[in-house]
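Given next, in structure tokens, is a single chain: the form predicted alone.
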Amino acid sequence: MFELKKIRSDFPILSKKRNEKSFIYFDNAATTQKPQEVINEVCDFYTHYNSNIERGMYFLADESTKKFNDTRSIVRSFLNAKLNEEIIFTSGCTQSINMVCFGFLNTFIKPGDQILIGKMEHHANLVPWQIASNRLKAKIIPLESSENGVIDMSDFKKKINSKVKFIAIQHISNITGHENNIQEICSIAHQHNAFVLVDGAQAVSHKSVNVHSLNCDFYCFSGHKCFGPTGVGVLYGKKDLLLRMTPLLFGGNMIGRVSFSNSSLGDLPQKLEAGTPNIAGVIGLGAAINYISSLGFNNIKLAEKLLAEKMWSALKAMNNIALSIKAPPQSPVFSFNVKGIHSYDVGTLLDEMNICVRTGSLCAQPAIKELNSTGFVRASLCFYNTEEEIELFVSALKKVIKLL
């Protein structure tokens, strides 16, 4: 049973008051709130078994190492990857993408080769490829999008050719909430011997992800967007491709042998995890995934579908609202503008009414331009939000329109 009242009580920040009034958190696409289970796990690490991993030969180090490695198994199962060593812990999507960009792309790309990137990508999945392509004298080719922000498959099929070596694409848009057909994109890419990286930042908190059935070469996500701590993330990669990668960082824990004349790299996954990792963050991520799994994605999807339908209907019914998309989103992300009012002004007034939304370019300036705007108000929901919050949000929007 999906008991909303119980679920909301799992998140201590949701009971916080501001000016003796409750607040509404509609900025889940930026970062999600943390359940008490995650907070407890992080505190428990620092309180009871704080120690570095895979180094000490004592009881604290044993427990720390076990918890860390257990999380790798949890993530492997969560993504349905084949092997634990295909799971690399990073600081988040940004580091994961940079690792592939500067540690894998450079091992095979040649001048004149092409990289396909969707026009709706977050800056984290665009800027690194720009820098790398300039260094390697490769060329970035933007992929056209439909009116709902997904990849235009006819354009994709026209542009993929023997020169295309890599494709970087998001699973779900942080602006429109619509989902790309990753499985089809990967299938076509592999027919042309191209590799695919999927930015899953907006997907893993809303739906079950199976990297085996998607058949993507790389997949990444950030812990803080799926109810885990900040500063921790995951890069999944097929083992044979990770073996080909050059580490982005060098130092302790990732080596085999070291001398002043030469050093050798260690085995996966340590080869790509130099230095002391965010141990508490990784353990907290494991707790977050266990929490999501305990709720069940079928329950999560049903709850969020009801919220999305209610929000979509309410916004569509308001004459002064200009939505960024033509069809309801597949994930509860709503980007819009109030006609004639700057998004920052809307966000500021909503804040005064204790409503948290995102405003501006949403870390995706080319995507915003693609949607013929200079910025949006974004309300992004998740399973702990309520229908009552949507009603209060819509009422607040109407007040904003009257005021401005």
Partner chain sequence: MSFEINKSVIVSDFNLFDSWEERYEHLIDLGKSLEPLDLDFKNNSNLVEGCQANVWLVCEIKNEKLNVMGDSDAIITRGLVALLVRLFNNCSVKEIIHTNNSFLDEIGLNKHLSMTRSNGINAMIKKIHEYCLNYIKK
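A quick note: this is a predicted structure, and the numbers were derived from the prediction, not measured. Numbering follows the first chain given and starts at 1.
Although it is not shown, the form predicted in complex with its partner chain is what the next lines describe.
- Looking at Leu349, you'd find a heavy atom of it within 4.5 angstroms of its partner chain in the model of the complex.
- Its partner chain is not drawn, but in the model of the complex it has no heavy atom within 4.5 Å of Asn337.
- Contact check for Asp345: a heavy atom falls within 4.5 Å of its partner chain in the model of the complex.
- In the model of the complex, Met353 approaches its partner chain with a heavy atom inside 4.5 Å.
- Here the marked residues Arg18, Thr359 and Lys399 all reach its partner chain in the model of the complex, each with a heavy atom within 4.5 angstroms.
- Judged by heavy atoms within 4.5 Å of its partner chain in the model of the complex, the contact stretch among the candidates 44 to 52, 28 to 36, 337 to 345, 58 to 66 is 337 to 345.
- Taking its partner chain as it sits in the model of the complex, the stretch 388 to 404 comes within 4.5 angstroms of it through a non-hydrogen atom at Lys399, Leu403, Leu404.
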